[in-house]
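Next up: a single chain in structure tokens, the form predicted alone.
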């Protein structure tokens, strides 16, 4: 029997598994979540009962359908599932998987990576304080525990997630006192035209959600600093589109500039990467069906940020490519590919509407913490340039930016902007940090010999 390993049980991973199961295969699914659904359709713990309409809003039916699809396959014994587990290394068609019982090795013939995305963050002076979270973390706390992370909350950044999380918090009864968007209204309007052409209903739904935020929403802002005391944020200072200074009292700040593809495992699997000017990040190279390397297939936001609907389609398409390469019958993907191209047009327009704040990052004061894991400032990174030159990995070795627990996931893009501005070269010339195992922090105890009970599959 051909062994297919799927990493990730969000919309892309679930639909890929469904297609493989329908073809008679028994895939192995590894997922960091406690229950399948991914971040977008994250499920609360068993003891916390919240109706799907409350958790997922207009997407409730899609969430319920995906959850039911996966649960039925699991109950029927049609796949093997490893929840609360992370693939920490890939080598020679084997994956090292760290789970509740330690590290085990899973062999595979084909690999489908549906690793999703993480927050894309830009440093703001003071962001290293307790009480400053990513938008994703803010959403996780709300979805999985029904918790608001503050009493007076300010959300700042740009992109659809900004207004979505603000709306979800307000619907749950939390106090969001300000929503600060760094994208100017003119930029948003220009991008919205392309978004509306590709997906008019989705664009309209976003506009209605935005309108619901009322006067708390501000576009075209510049974030200047987060003021903190020993307990966390006390205020966020910002300039409006006209350059006027404001200070908004708060006890929590959530930051996020859309999303970045999670590509560490993709890199370890030997997939080529290329700088994407529209998405403003390094993305993996793959064909239209997700083929990225020998026996490696990509699906979902880990390949391109297309959202949950796009991830479902990409999961089906990647599984079909896998079946075709195995010489097995696969459903026709013509219509799905056409629909996916439409979503790609929407996503590209959205990236233009809500751009990465490159100029804000390049102008950061020298004492701004850039790498929160290691406590490295913007000035520390700038001083390495005379020895490292404009090259990400040399700068990392000299400054320790990107050496912490997140392995550069949250500081790499901003660090590249700082180096590019200081050296006067395009940001893509800085390069990207090489991914290294373990892809997630792993305790040494997880690798200790467990004796005859150690598992290898």
Partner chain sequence: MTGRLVRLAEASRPKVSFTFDGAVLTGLEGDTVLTAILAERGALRQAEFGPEQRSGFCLMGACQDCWIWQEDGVRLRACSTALQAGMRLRSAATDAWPATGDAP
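No experiment lies behind these values; they were computed from the predicted model shown. Positions refer to the first chain, counted from 1.
One more form of this protein should be noted, the form predicted together with its partner chain, which is absent from this view; the next part is about it.
The three marked residues, 181, 185 and 358, fail to reach its partner chain in the predicted complex, with no heavy atom of any inside 4.5 Å.
Residue contact with its partner chain in the predicted complex: residue 39 places a heavy atom within 4.5 Å of it.
Though the partner is left out of this view, residue 104 does not reach within 4.5 Å of its partner chain in the predicted complex, counting heavy atoms only.
Of the heavy atoms in residue 77, none are within 4.5 Å of its partner chain in the predicted complex.
Contact check for residue 50: a heavy atom falls within 4.5 Å of its partner chain in the predicted complex. Between the options 213, 132, 111, 306, the residue in contact with its partner chain in the predicted complex by a heavy atom within 4.5 angstroms is 132. This chain appears without its partner; in the predicted complex, the one residue of 191, 284, 159, 150 with a heavy atom within 4.5 Å of its partner chain is 150.
With the partner left out here, its partner chain still marks one of 371-379, 332-340, 314-322, 272-280 in the predicted complex; by a 4.5 Å heavy atom cut-off that stretch is 371-379.
In sequence order, 172, 173, 174 are the residues of 156-187 having a heavy atom within 4.5 Å of its partner chain in the predicted complex; the partner itself is omitted from this view.
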